[in-house]
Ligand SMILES: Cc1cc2nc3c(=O)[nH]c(=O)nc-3n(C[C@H](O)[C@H](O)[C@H](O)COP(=O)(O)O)c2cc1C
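Next up: just one chain, as structure tokens, the form predicted on its own.
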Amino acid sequence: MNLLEVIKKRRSIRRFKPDPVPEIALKQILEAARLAPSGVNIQPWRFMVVKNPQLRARLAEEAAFRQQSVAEAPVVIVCCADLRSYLQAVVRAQELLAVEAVSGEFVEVYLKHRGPVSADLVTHMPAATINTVIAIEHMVLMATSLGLGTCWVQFIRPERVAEICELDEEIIVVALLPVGYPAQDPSPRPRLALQEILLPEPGTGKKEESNISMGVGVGSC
């Protein structure tokens, strides 16, 4: 499948077959996450691969409001962000000076805009989370391309997930990602038409007059 086909095929899978996920497929999924972009290359994402059925059952029962997909999937990836990595943000920004495509002016403005990197790790949570979700979606699409199903699970108790998985306090839980072979084939869910999500460029007239058209929006969920 090409990338657009993968995007169209993706579904939120909540029922899984018991078949194990091949190690090579799991490594490809994690490699896709590793290659994701992040602000000044901070790469704050951290992942725990949970295969133990008892541990998956605890996550489902105690932290995911009894969502059976978490217990049923042969693999659950606990997707986290390491807030400590943002303490290195200024150093990483300065390293951009060595990249020809990035001017010293950019780094100067970046540092001025950002200000000093706070030692209060909680202040870095929004940026760390945003970067991590990019990596998660890389995994979702790679899994789809391999014939596997996934489902973003964010209706969770993050603190309880952290306790069950014995995570350090600097590691925050962003989502759970059950992975496995689908035991269902959900139909596409409706999506807004392209015209409904486009904002008009200043000076070009109303949104309805846009010359970009792709018809009725149909997608997946």
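Predicted, not measured: the structure shown is a model, and the values here were computed from it. Note that residue numbering begins at 1 and tracks the sequence as displayed.
The same protein also has a form predicted together with this ligand, omitted here; what follows describes it.
Contact annotation for the candidate site: R34, S85 and H138 all lie away from this ligand in the predicted bound form (no heavy atom within 4.5 Å). Contact with this ligand in the predicted bound form, defined as any heavy atom within 4.5 Å, is confined among 165 to 173, 26 to 34, 54 to 62, 152 to 160 to 152 to 160.
By the criterion of a heavy atom within 4.5 Å, R66 is excluded from the residues contacting this ligand in the predicted bound form. Along 11 to 45, a non-hydrogen atom within 4.5 Å of this ligand in the predicted bound form is carried by R11, S12, R14, in order along the sequence.
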